[in-house]
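Coming up is one lone chain in C-alpha cells, specifically the form predicted on its own.
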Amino acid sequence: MRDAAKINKTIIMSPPTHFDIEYSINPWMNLDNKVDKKAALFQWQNLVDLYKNLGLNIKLIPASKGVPDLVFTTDHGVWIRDTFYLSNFKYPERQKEQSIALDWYKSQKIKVQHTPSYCFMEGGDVIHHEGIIFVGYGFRTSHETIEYLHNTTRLEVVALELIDESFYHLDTCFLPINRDTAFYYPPAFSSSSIKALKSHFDMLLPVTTHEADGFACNSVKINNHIICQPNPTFEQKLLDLDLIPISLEMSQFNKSGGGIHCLSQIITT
C-alpha cells in the first residue's frame, strides 16, 4: 500500500476528544443526535492509521474544550503554494477555531495569510487543484472571497454557487480526481456553476443523491487510492477509473455534516 516515492504530503488532524453536537448550524446537526465518543475516536484513529500506512506524515492540533468542531481541520483554511490561508468563519460558534489554528500554524513556522474582515471564507469551500482555485460560495463563504483569492494568489479562481444547504461546503459536493476528471453532485450547484465545472473538466461525473448523502465527494485522493466512506456504487465508479477505493466508516462525524476530507487538512510540499 505504501508508495512513499510518489507522496510528499502532510495531513493535519485534530483528535475528537471534545467532538459532539453542541449547536446546529447546518441541516445535518441535531442536538438530540449525540456523538458516541468512543466510536468517534475509533473511526478517527482508523483514518490516522490508514494515512500512516500510506506513508503520509501526520501532525496534530491538540484538542481544546469549547470548540467541538476543531476536529474538522480542513475548515481552518487552505494551503496554497507555501502559505496557509486562514479561514474567517461565518458562524460565531466556529470563530474560536481561528485563533487556535493561527497559533498552531505559526508554531510550525508556516506562513499564514489572514482573510480580510469584509469577507467570510471557510476552508471546506476552497479546493486548490492543478493550479486552479475552486471556491464554493453562498452558505459559508462570501462572493468577495473570489476576488480576494485571485488578487492575493494571482491564480485562476472559479466561482461555484452552492444552492442546497445540506451541501454547505464545496468539499461535500465536489471531488476533483485529476486535470480532466471530477465528481460532483449536480443539485448542489446553480446552473451557471455546472457550466463552469463542465468547462474545466472533460469528464465531469455526477454522483447520485444516495452517494452524495453518504459523503462520496468528501473523499480524499492519495495517488491512485481514494479514501471514502462505504458505498458500493461509488466504489465501482472509482474502480472503473482504475482507482483503488479504501472505505472507512465515519458515521459519527456525519452527524455534524462532516466526513473524511473535512477531517484532513492536506499540505503538499
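Quantities reported herein were computed from a predicted structural model and do not represent experimental measurements. In case it trips you up, residue 1 is the first one in the sequence shown, and so on.
The form predicted together with a small molecule exists for this protein as well; it is not shown, and the discussion that follows is about that form.
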{"item": "Partner contact for T208 in the predicted complex: the small molecule, 4.5 angstroms, heavy atom", "value": "no"}
{"item": "Exercise: N26 in contact with the small molecule in the predicted complex, heavy atom 4.5 Å", "value": "yes"}
{"item": "Contact label in the predicted complex: G124 to the small molecule, heavy atom within 4.5 Å", "value": "yes"}
{"item": "Partner proximity in the predicted complex: G257 to the small molecule, non-hydrogen atom cutoff 4.5 Å", "value": "yes"}
{"item": "Interface segment, criterion being heavy atoms within 4.5 Å of the small molecule in the predicted complex, picked from 129-137, 183-191, 149-157, 165-173", "value": "165-173"}
